[in-house]
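The chain below stands alone and is given in structure tokens; this is the form predicted on its own.
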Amino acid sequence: MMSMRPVAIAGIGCLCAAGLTLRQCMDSLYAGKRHPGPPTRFPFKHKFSFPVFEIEKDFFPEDRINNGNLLRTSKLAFTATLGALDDAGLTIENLRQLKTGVCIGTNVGSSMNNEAFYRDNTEGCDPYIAPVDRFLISNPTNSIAAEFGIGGPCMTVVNACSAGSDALGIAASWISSGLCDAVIAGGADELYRVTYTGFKSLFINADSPCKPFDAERNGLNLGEGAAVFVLVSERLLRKNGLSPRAFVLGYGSASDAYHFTKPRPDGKGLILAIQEALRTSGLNSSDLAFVNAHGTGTRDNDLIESRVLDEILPGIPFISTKGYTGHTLGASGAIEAAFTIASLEKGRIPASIGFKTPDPELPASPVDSNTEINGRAALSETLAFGGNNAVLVLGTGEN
């Protein structure tokens, strides 16, 4: 991929366990506050439960959405979308008059999470269609397009935990190519019992709040949330007198081609994605103020990521924010992109909560306190099952 022109981000909406707005989230991060607890939204009868990061408050704006009969993932995506539009100073009417696309990444949002329906049908219950109808209207991308009357290209990215980052990179390409004047893009995922028990079966859930990159790390915590961005063309910026909040400067994606769940030991896929993101941004590693790492708190992920960062981005400070949000799966790349931009705006990155003791096997460690940064660009990276690696270079200036 050749160097891409910076793609403007006019607005950002974000919610997760750290807060219902991006500002609330950043206040929690800088204050070192996190609130993991046992799952409450679904039944769980096993003897041991693992902490998760749930959104405990009501968040869905019933008065602004016509169709409230949606699955939770779509409600998260809608709420973040409205926040992004408000932040940009745009309305749905503005977008209907433009070539507008929608691109949302998700994992759980592509599942028909209705266990009662499956159970009833396997036990010989008379067939009923209501849960299927609800599932079909709850694809987060299609539901946004249908609700808002948006007729441009639509894509739901289901690429494991890199989905939110990939959705932003794809959306930026739609703007760069002239396919769209604006794109609603990001990621959304809810906590779901099947996902929770699925990760439990992999033995990678931590039994306490997660500790990314720490010597005593023992797994991840799951979370839920959404972040959505309004990407706009230069023409739209000029026509509407909009002030860009940030820019997508570069994007890289590469596969490990190694294992269904484990990262490649030499980190080659991640290295390729980082190199591609920097190449398309036209920046050098020295231009980066910091790196927002994937940092799940699992033994293998953090080991490989630390080695890669030490090898190709030595000396650049890095953080993991999953200690505040849990691993929000398909939403994680988008949420962390929002945190990356907000940190650049503040000129300060939050401490990597949960990290206390350096691991002698890890050549690089995250910052352990709120840290001042210099620069207008940063790198946000996402590693995923299937060996997917997605990397974004984001900036608060065109550099």
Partner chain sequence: MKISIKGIGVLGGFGAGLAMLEQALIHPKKMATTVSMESSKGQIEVPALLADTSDLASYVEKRALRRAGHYIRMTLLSSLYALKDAGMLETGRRRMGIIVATGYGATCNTFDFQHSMIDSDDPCGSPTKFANSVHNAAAGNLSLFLNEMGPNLSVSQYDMSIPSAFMCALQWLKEGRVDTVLVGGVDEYCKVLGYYWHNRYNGNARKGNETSLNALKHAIIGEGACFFVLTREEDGVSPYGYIEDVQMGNFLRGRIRLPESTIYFLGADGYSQREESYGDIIPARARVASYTHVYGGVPIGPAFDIAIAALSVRSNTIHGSFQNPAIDSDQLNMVKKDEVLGSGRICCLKLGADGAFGWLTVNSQKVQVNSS
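Numbering follows the first chain given and starts at 1. Nothing here was measured: the structure is a model prediction, and the numbers come from that model.
Not on display, but discussed next: the form predicted together with its partner chain.
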- Message: Residue-level question: is G269 within 4.5 Å of its partner chain in the model of the complex, judged on heavy atoms?
- Response: yes
- Query: Looking at the partner-bound form in the model of the complex, is D256 within 4.5 Å of its partner chain by any heavy atom?
  - Reply: yes
- Query: Taking 4.5 angstroms as the cut-off for heavy atoms, does G151 touch its partner chain in the model of the complex?
  - Reply: yes
- Query: Just to confirm, G252 within 4.5 Å of its partner chain in the model of the complex by heavy atoms?
  - Reply: yes
- its partner chain in the model of the complex: contacting segment from 314-322, 289-297, 170-178, 240-248, heavy atom within 4.5 Å: 170-178
- Query: Would P43, N114 and D133 all count as contacting its partner chain in the model of the complex, using a 4.5 Å heavy atom cut-off?
  - Reply: yes
- Task: Tell me, out of Q275, T195, S285, N94, which residue has a non-hydrogen atom within 4.5 angstroms of its partner chain in the model of the complex.
- Result: T195
- Note on the structure: Of the residues spanning 195-211, the ones with some heavy atom within 4.5 Å of its partner chain in the model of the complex are T195, T197, G198, F199, K200, S201, L202
